[in-house]
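As structure tokens, one chain now follows by itself in the form predicted alone.
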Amino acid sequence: MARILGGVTSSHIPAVGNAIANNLTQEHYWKRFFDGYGPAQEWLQKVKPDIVIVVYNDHGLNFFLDKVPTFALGCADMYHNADEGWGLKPVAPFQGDAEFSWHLAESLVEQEFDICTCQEMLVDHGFVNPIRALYGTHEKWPVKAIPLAVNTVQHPVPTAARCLKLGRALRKAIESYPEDLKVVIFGTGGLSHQLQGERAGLINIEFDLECVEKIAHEPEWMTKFTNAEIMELAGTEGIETIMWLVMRGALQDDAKLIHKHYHAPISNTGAGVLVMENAA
């Protein structure tokens, strides 16, 4: 039976890829941000998952504003990274697990999540940068990875409550898979940031810190906010934080907090890391 070892959250800031590629991670501007990933890297090295499910939002690579699924699951055996500017070369492709993905899709549909299934899928910084921050950069990645895209771009977007429920459905889907697989869930995006308009540059440190604490210990707290209220508090792009709830919903209610870290500002964003572990 497949089992969920735990979950990790990570911001997926585009500039992270540039910092990694140009060896800037220990420069003054970036050092504290990247140092926050150390305990998460150590935990992943200790538990050695076979596969990670990366909850992220696509930034126009697969879905443009004319067609945006609310939830989309990669059902391929390989995922390629496409160029995203900065003059960066795409990283090595990521190996998936189509058989496992199709099992997840069938289970999610049975649980009334009408998931979009993608037999071909390109992955952008939302997917790639958390993996690079947590695993480094490789010609052959040390873990399989499955993309689970959540629409946080084109309104209407799903609610925090719906994302928490998706995580719980994902837990049931994973744990019903008959083969032995060790799985970790990555919840990416956030925290507070706004990239346009009169409030461009907004970072709400107080709200970010409360989100980190509550998502770890009392995730239902965030479901009390409407999307409009979250964006008022965290900025229009801060709505990405609802994807952390997919990770949290997939874990045991009493999952143990292993590590938390917060840093702001970094590339006009409040950035956070959580590591949570299920009981054996």
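Position 1 is the first residue in the sequence shown; the rest follow in order. Just so it is clear, the structure is predicted and the values come from calculations on it, not from any experiment.
FYI, the form predicted together with a small molecule isn't displayed, but the following is about it.
No residue in the set G7, I53 and H259 has a non-hydrogen atom no more than 4.5 Å from the small molecule in the predicted complex.
Shown alone here, H59 lies within 4.5 Å of the small molecule in the predicted complex, counting heavy atoms only. In the predicted complex, the small molecule sits within 4.5 Å of a heavy atom of I266. Using a 4.5 Å cutoff between non-hydrogen atoms, I13 counts as a contact of the small molecule in the predicted complex. Proximity of L195 to the small molecule in the predicted complex falls within the 4.5 Å heavy atom cutoff.
Picking from 106-114, 187-195, 169-177, 141-149 the stretch near the small molecule in the predicted complex, with a 4.5 Å limit on heavy atoms, gives 187-195.
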